[in-house]
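Single chain ahead, written as structure tokens, the form predicted on its own.
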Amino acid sequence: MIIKRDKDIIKSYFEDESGLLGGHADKIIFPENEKEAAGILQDAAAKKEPLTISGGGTGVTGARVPFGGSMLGTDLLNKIIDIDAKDLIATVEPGTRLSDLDAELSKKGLMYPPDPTEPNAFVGGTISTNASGAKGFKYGPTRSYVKRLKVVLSGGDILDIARGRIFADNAGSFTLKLKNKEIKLALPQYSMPEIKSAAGYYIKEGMDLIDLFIGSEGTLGLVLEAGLGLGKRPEKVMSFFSFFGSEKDALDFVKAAKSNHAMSLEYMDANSLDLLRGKFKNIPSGTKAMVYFEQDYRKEDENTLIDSWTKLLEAHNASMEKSFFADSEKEREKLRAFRHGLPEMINEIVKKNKLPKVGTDIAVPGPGFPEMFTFYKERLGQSKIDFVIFGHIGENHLHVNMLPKTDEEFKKSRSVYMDFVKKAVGLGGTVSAEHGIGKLKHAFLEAMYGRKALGQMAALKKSLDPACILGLDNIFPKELLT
């Protein structure tokens, strides 16, 4: 193993993409194998020393930012152990980057379907938040593809969990037989929304044990290996960036397009496009919204699909002559640069304003989406705060990014965010659809489930981590563990 203590060397591990400041730790330890990883957790538990698990640093909720104790870096646990092209399973270590996995899979004509947005993310990190990406509209989130997990608990015990083997009993609990003891896990008594969610522990009647660890944000154990379900790489993919002269036309198009079997349906509002014009001059003037979608297909179906999409776009007044289209990897790369240009430009504004953005991760059930969208626009208009709206509209999951310019606007942004949360919860939605809760969204999770549920989450954690060392302050306040 490698141990780093020099603060100047390890300070980059005290941050992620959240902007959360003040992180600190005594050291960061990089295990090189399973035995070392288990020993690190066992030693920290014996000393009751807080231990924060670090992935690739691409998270946006502060989950990997430590406040004392030590860190465990998964950087060296990065092997792609096996790719089984017959049974469509990849077995990987937690430090495997998504980009590296995709490169290997592409050689075999395979893909990892959930395709979380950030290619530099570690697989372990995406499992810890049940991450998803643009293709989630067709393929769903990470949870749907995790077939097996090997997890080490804080006492050093290792669980090898295959999906479909261990389920919660009728009383809503699991009984686990560890090396030297038996523990009973009582599941919290709250109901999750029936949409994709990364808000707190996954709890369902008769649930599979493996799902408890997916989305647990480093609070229950360390993933040592993951067996991931794969899919065949599409024969062909076409991509469209379609511009609309009215917001209503764009939203009506999305509603109609949901039955057209696209892989992704993504949205950008007028403010997003105005921002991007600083870098991409070919965005049509007067555009009020853009919808990006991708369609996988076979060569023989190409003309039929293009005709179908063209008719649908024309029926909703899309600017056909100014839309962007790509049917090759080279052309899609240009569109990806456009799509990923928005977060980059938002980050430039954040640096200029010297205040963090306040970005939502809210999703609601389909019937409530029009009401939620209207509420976004009304409340943002009242606030007078600069904003952009973009994201996974196919799953009724948009990111509202407020860009405060003053301390007063920043405080107001947080208040507006809570208004959004309350509205979404009232519509049966989730406060986090893909990024997790981390250290920044405790209040939102409490608004969703209530204080009692947070206490039940803490009790569940203590059953698996009795020393209370792992991922402190992730998901719920650490004070609930006392």
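Between two forms, the rigid core is the largest collection of C-alphas that superpose within 1.5 Å. Start at 1 with the first residue shown and count on from there. A quick note: this is a predicted structure, and the numbers were derived from the prediction, not measured.
Unshown form predicted in complex with a small molecule; subsequent notes refer to it.
Thr129 is the sole member of Thr129, Ser154, Asn396, Gln295 with a non-hydrogen atom within 4.5 Å of the small molecule in the predicted bound form.
Among Tyr201, Phe387, Phe243, Phe122, the residue placing a heavy atom within 4.5 Å of the small molecule in the predicted bound form is Phe122. Contact between Glu344 and the small molecule in the predicted bound form is found at the 4.5 Å heavy atom cutoff.
Under a 4.5 angstroms non-hydrogen atom cutoff, the small molecule in the predicted bound form lacks Gly368 among its neighbouring residues. At the 4.5 Å threshold, heavy atoms of Ser239 stay clear of the small molecule in the predicted bound form, well away from it. When contacts are judged by a 4.5 Å heavy atom cut-off, His340 counts as touching the small molecule in the predicted bound form. Taking the partner from elsewhere, no residue among Thr360, Gly450 and Leu454 has a non-hydrogen atom within 4.5 angstroms of the small molecule in the predicted bound form.
Stretch-level contact check against the small molecule in the predicted bound form with heavy atoms at 4.5 Å: of 376-384, 249-257, 310-318, 113-121, the positive one is 113-121. Shown in the overlay between this form and the one not shown, fitted on the rigid core, is a CA shift at His397 smaller than 2 Å.
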